[in-house]
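This document opens with one chain alone, in structure tokens, the form predicted on its own.
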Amino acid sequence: MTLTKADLVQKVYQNHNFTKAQAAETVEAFLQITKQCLKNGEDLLISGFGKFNVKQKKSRRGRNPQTGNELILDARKVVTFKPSGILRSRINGE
């Protein structure tokens, strides 16, 4: 099952003393802060959850799987996530 933004809003609404509008605003504010942080190339550390990093990937050789033609893939930034030890333990039922 996938957790959507609407699902997050619903969970915040149900678990806290917020109106639906406040819950939606809270979730949206968190996501905006997260996006801006990552866009600026900053790491985002959420204690007990994990760390989001922005890494630079170099350009590299690739291949079009349909035609087999080789091409050069441009350098780009990617977001990676490393879960905290606490989260890993909970996922693994420890």
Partner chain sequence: MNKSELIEALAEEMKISLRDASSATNTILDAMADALANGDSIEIRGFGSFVVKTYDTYYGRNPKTGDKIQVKPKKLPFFKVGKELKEQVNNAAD
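Computed from a predicted structure; not experimentally measured. Think of the rigid core as the biggest set of C-alphas that the two forms share within 1.5 Å after superposition. Positions refer to the first chain, counted from 1.
What follows is about the form predicted in complex with the partner chain, which we do not show.
Trainee: Quick check on K77: any heavy atom within 4.5 Å of the partner chain in the predicted complex?
Mentor: Because a heavy atom of K77 falls inside 4.5 Å of the partner chain in the predicted complex, the answer is yes.
Trainee: Should R63 be classed as touching the partner chain in the predicted complex when contacts are defined as heavy atoms within 4.5 Å?
Mentor: No, R63 sits far enough from the partner chain in the predicted complex that none of its heavy atoms falls within 4.5 Å.
Trainee: With the partner left out of view, is K58 within 4.5 angstroms of the partner chain in the predicted complex by any non-hydrogen atom?
Mentor: K58: no, not in contact with the partner chain in the predicted complex.
Trainee: Does T19 reach the partner chain in the predicted complex if we count a contact as any heavy atom within 4.5 Å?
Mentor: Judged by the heavy-atom cut-off of 4.5 Å, T19 is well away from the partner chain in the predicted complex.
Trainee: Does anything in 29 to 43 come within 4.5 Å of the partner chain in the predicted complex by heavy atoms, and if so which residues, in order?
Mentor: Stretch hits, in order: A29, F30, L31, I33, T34, K35, C37, L38, K39, E42, D43.
Trainee: Superposed on the rigid core, does the Cα of Q14 end up 2 angstroms or more away between the shown form and the other one?
Mentor: After core superposition, the displacement of the Q14 C-alpha between the shown form and the other one reaches the 2 Å mark, so yes.
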